[in-house]
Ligand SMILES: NC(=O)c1ccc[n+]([C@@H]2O[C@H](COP(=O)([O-])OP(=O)(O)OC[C@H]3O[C@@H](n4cnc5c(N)ncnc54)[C@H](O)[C@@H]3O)[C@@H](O)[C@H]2O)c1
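One chain follows as structure tokens, the form predicted on its own.
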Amino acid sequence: MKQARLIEPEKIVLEDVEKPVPEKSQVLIKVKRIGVCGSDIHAYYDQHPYISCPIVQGHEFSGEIVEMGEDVDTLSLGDRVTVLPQLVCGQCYPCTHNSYHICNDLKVIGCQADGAAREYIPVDSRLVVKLPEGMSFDFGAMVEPLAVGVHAVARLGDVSGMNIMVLGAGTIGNLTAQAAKGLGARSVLITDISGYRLEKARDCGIDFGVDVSQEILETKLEEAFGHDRADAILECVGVEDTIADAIALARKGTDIVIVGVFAEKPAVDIGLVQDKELRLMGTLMYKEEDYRTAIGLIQAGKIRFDPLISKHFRFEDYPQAYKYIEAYRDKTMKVLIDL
């Protein structure tokens, strides 16, 4: 079978390898769709703090079960599925306290273990999530990034009736904003420096968009939500300027969730965090319940994926997908690989 391996920064090669055979507790998935994630791009340019070459990428994907190990009895041949790409130890404190997604020895399929950038992938059946009848493989591959947003919003608890600000309108920021709306937020304001991304946010039903390269965020924030500003803030960029904005513009007692991946260590005004009694919360990945919630939001028509799908590439053109993203970085949201 064919697989695409990132052998060194900015170099993906297509290889012929042996088709895997599923173990007793595994299923073999014929990969149908792979999403190229921001983390994949960071790794491609050797800018991700936790991913190194060589690696077979692909942690956002969907496909069809074509073989099953003899111990698998919860799934069937032909099931359309997506996958929780988390490999965990099951023994550490987080794992034994229902926080396996932050396992002390966490490895992620496509990041620290070979992923779905291949024709077939064997996966432990416990990680497999069935897709609802009629859900497309495109949408199935996008359950994973939506679950990132769902989990981030869930860190805030019940967001019903809240006014929420999301910093960053890339794919994760957009889906986080959509998740907040879908989970009951009264209104959501999203920021970016790209008019294109803000237009996509409007297409996806986000209430307010602010181009922070052209407009004063503090003014627009108060115009949208009034003097009390946002009830919660989610940072989805991962740069010093946006976390600084979050802290500076947060009203006293506000929760700030850090969703963006920081390639460099930011300077943070801890004195202001203390003075305002803010809560800075990290968020990492998701749990199975977040996948279930994400799928439920999709089924309920509360998520709009179509405006975010920028382009499809054939698997044979995998390296060209990255070149396209590089050439059209400001006009690209989600690129999908078709098998």
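One rule holds for the numbers: they count along the sequence shown, beginning at 1. Just so we're clear, the structure is a prediction, and the values are computed from it rather than from any experiment.
Missing here is the form predicted in complex with the ligand; even so, the following discussion is about that form.
Want to guess which of 253-261, 102-110, 130-138, 117-125 is within 4.5 Å of the ligand in the predicted bound form, heavy atoms only? Comparing against the ligand in the predicted bound form, the contact stretch is 253-261.
Any chance 148, 170 and 241 all have a heavy atom within 4.5 Å of the ligand in the predicted bound form? Contact check passed for all of 148, 170 and 241.
My question is simply whether residue 191 lines the interface with the ligand in the predicted bound form - judged by any non-hydrogen atom within 4.5 Å. Looking in the predicted bound form, residue contacts with the ligand include residue 191, since a heavy atom lies within 4.5 Å.
Residue 162 near the ligand in the predicted bound form, any heavy atom under 4.5 Å? So residue 162 does not count as contacting the ligand.
Contact label in the predicted bound form: residue 237 to the ligand, heavy atom within 4.5 Å: It does: once the ligand is placed as it appears in the predicted bound form, residue 237 has a heavy atom within 4.5 Å of it.
Indicate whether the ligand has at least one heavy atom within 4.5 Å of a heavy atom of residue 283 in the predicted bound form. Residue 283: yes, in contact with the ligand in the predicted bound form.
Counting any non-hydrogen atom inside 4.5 Å, which residue from 212, 247, 88, 156 sits next to the ligand in the predicted bound form? When the ligand is considered in the predicted bound form, the option within 4.5 Å is 212.
Enumerate the residues of 44-72 that have a non-hydrogen atom within 4.5 Å of the ligand in the predicted bound form, in sequence order, or give none. The stretch 44-72, when checked against the ligand in the predicted bound form, contributes no residue at the 4.5 Å heavy-atom cut-off.
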